[in-house]
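Okay, so here's just one chain, in structure tokens, the form predicted on its own.
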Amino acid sequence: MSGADAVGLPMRVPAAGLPEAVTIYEVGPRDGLQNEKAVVPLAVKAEFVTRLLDAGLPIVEATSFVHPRWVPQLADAAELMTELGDRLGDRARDLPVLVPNDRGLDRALALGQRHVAVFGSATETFAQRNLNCGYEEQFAMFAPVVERSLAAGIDVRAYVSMCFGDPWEGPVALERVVAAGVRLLGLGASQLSLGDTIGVATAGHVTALIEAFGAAGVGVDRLALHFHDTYGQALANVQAGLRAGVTTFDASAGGLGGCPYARSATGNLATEDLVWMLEGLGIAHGVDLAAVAATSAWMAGHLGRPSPSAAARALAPALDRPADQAESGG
């Protein structure tokens, strides 16, 4: 028995009114690493993606075809996808990649990717800082990307950032977020991920936003939730999402992440923290907690700092324990 095999699980005590199963959309390799100042070697990135897939994560967003000037960490996107193709074969084409514009889509098409994502903003200031265009202009930029993708048989996911608060503009009205999301879905996106980019959401706010989308005719089956844990509210916000019927949640192994254009955006909800909670609630997710925790510890070693994930810290002794001690409980 290895240390990873010895990692325990919480007692399962299901709660009424929650989904039976959820999908964890892993964003660590893209959203998690994009804010790292020291460039992570391509081989480490490829191994990170591979380990996450081996841990049972059904969706792993691999990278972004953004211009290297804006996100130097992801300058090796094409090379990474080629390396993953060598490792995974055709499966690599199913890994989602972010495409900010037509040029990014061209690169994804050249590699035969079958799933792409676009990243919009609910606010003017963040659109200017992150996309180098205005709030209205972003939709004109995304329209041909989505149209061309759908024509090529490619699925498109849309992100909306600053859904709960903006560091420059302050609180963001529910109506503003819904309007942005409805327009992105109207372009043809199959799913909309609502991002708490700076981690200021609270459970009641989450519930209200989901209800506002429902009032606009957007069901929970079209929504995903993307939380940052700046104020320690991510899991409480997931609970609110679950009670509202949402079944897709973004997470990042080890709690890696942030945003290079919003300094107050700290780490994402850690995948292993989410898995621990889902296990306790008896909600199916298909992910091996020990394998994810071990992968997070492995990546933290490459980054030279401990993981901010609470579950990673709690599970670390079991992961580090030699096999003979794990078996004896020593």
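All residue numbers are counted from 1 along the displayed sequence. Here the structure is a predicted model, which means the values were calculated and not measured.
Just so you know, the form predicted together with a small molecule exists too; it's not on screen, but the next bit is about it.
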Item to complete: Let me know the one among 71, 109, 174, 244 whose heavy atoms come within 4.5 Å of the small molecule in the predicted complex, would you?
Response: 71
Worksheet, complete the sentence: The listed residue (212, 235, 141, 154) that reaches within 4.5 Å of the small molecule in the predicted complex by any heavy atom is 141
Worksheet item: Taking the partner as it appears in the predicted complex, which of 193-201, 87-95, 177-185, 145-153 has residues with heavy atoms within 4.5 Å of the small molecule?
Response: 193-201
Practice prompt. Answer with yes or no whether residue 159 is in contact with the small molecule in the predicted complex, where contact means some heavy atom within 4.5 Å.
Written response: yes
Practice prompt. May I ask you to check whether residue 34 falls inside a 4.5 Å heavy atom distance of the small molecule in the predicted complex?
Written response: yes
Worksheet item: Would residue 101 sit within 4.5 Å of the small molecule in the predicted complex, counting heavy atoms only?
Response: yes
Discussion item. Would you classify residue 131 as touching the small molecule in the predicted complex, given a 4.5 Å non-hydrogen atom cut-off?
Written reply: yes
